[in-house]
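First, one chain by itself in structure tokens, the form predicted on its own.
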Amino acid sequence: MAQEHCVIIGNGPAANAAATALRENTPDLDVTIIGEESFPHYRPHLLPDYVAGKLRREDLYVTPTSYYESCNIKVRLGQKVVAVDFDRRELVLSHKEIVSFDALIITCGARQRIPEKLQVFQDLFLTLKTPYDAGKWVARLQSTDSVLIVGGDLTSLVFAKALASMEKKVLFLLEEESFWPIPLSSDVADQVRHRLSEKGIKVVDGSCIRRLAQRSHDSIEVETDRDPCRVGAVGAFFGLVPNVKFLVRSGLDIERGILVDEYLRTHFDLVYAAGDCAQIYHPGLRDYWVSIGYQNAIEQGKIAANNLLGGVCAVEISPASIFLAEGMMVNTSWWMEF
């Protein structure tokens, strides 16, 4: 491998899998992980159990600092990439530092999605994407016994169950954009209501939020298109959107995420993208699809690294497991796992 320095943007499962694969195959290559969050690599799917007190905070973290030191992988956390110049092969960080690269793997993940019509209430919503989010939940739940979960994804279902195990009163609103990007058909809604009710979670009548109002430190009034209710906290779970805004003017092909071929290559030489931020071409479908999930990200991180080193490994997925949602091909069955 001719290049000397490979930079990985992101510090999630795809990033760490890629870094490990690079180091295992090229011991002399300089590898740098640049992560926007200040947290070490963590397992986001364990956050509900942490909030419920079933895990210690340290149980969330995957890779100890000593591992990176022993593998000679440089990790820079709390460093935000704000621009990429592919002609100069340079990254620009938020504090104006320039970082040069010979090869680049983009695994910048995704952020919590709040529908535009609800963004005015964003300050009243709690999300659950990072350990910081989890800490806010832990603090809030010390003074409230009732929670409304709005929207839907696998995290929301698991979290609702975790809250119920804490003997909290849990309400669940299947809002009209719930389970995005999965269409909320009547069949899906009926299945979800049944599974929630089996676990003692009440599904609220109504199809959308009209208004939220903070009535006191631990009381939020929620007005739907049906009956209003009051709870101590409102959790927003509307799926994720790729965190690629900083790349829009970079010259990359971007639709919902970064467009890559079945080998995770962008059209720039030695530049790959993997995980939640990528849209992957499927030759059989002749279309792009997105992948959701921790294990999927790990596998793609490995593939991106190995292909960067000269491999020719395509991301394999059966067309039968990909469906069309809002004009976008999606691979996920997470809601069925609850």
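Note that this is a predicted model, so its numbers are computed, not measured. The first residue of the sequence shown is number 1, and the count goes up from there.
Although not depicted, the form predicted together with a small molecule is the subject of the following passage.
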Option touching the small molecule, based on a heavy atom within 4.5 Å in the model of the complex, out of 163, 103, 209, 128: 128
Tell me, out of 31, 303, 280, 34, which residue has a non-hydrogen atom within 4.5 angstroms of the small molecule in the model of the complex. 34
Does residue 226 make contact with the small molecule in the model of the complex, using a 4.5 Å heavy atom cut-off? no
Contact test in the model of the complex: residue 45 vs the small molecule, heavy atoms, 4.5 Å: yes
Given that the partner is absent here, does residue 14 sit within 4.5 Å of the small molecule in the model of the complex, heavy atoms only? yes
Check residue 294 for me: does it contact the small molecule in the model of the complex (non-hydrogen atoms, 4.5 angstroms)? yes
Please determine, with the chain shown alone, which of 214-222, 140-148, 241-249, 189-197 has non-hydrogen atoms within 4.5 Å of the small molecule in the model of the complex. 241-249
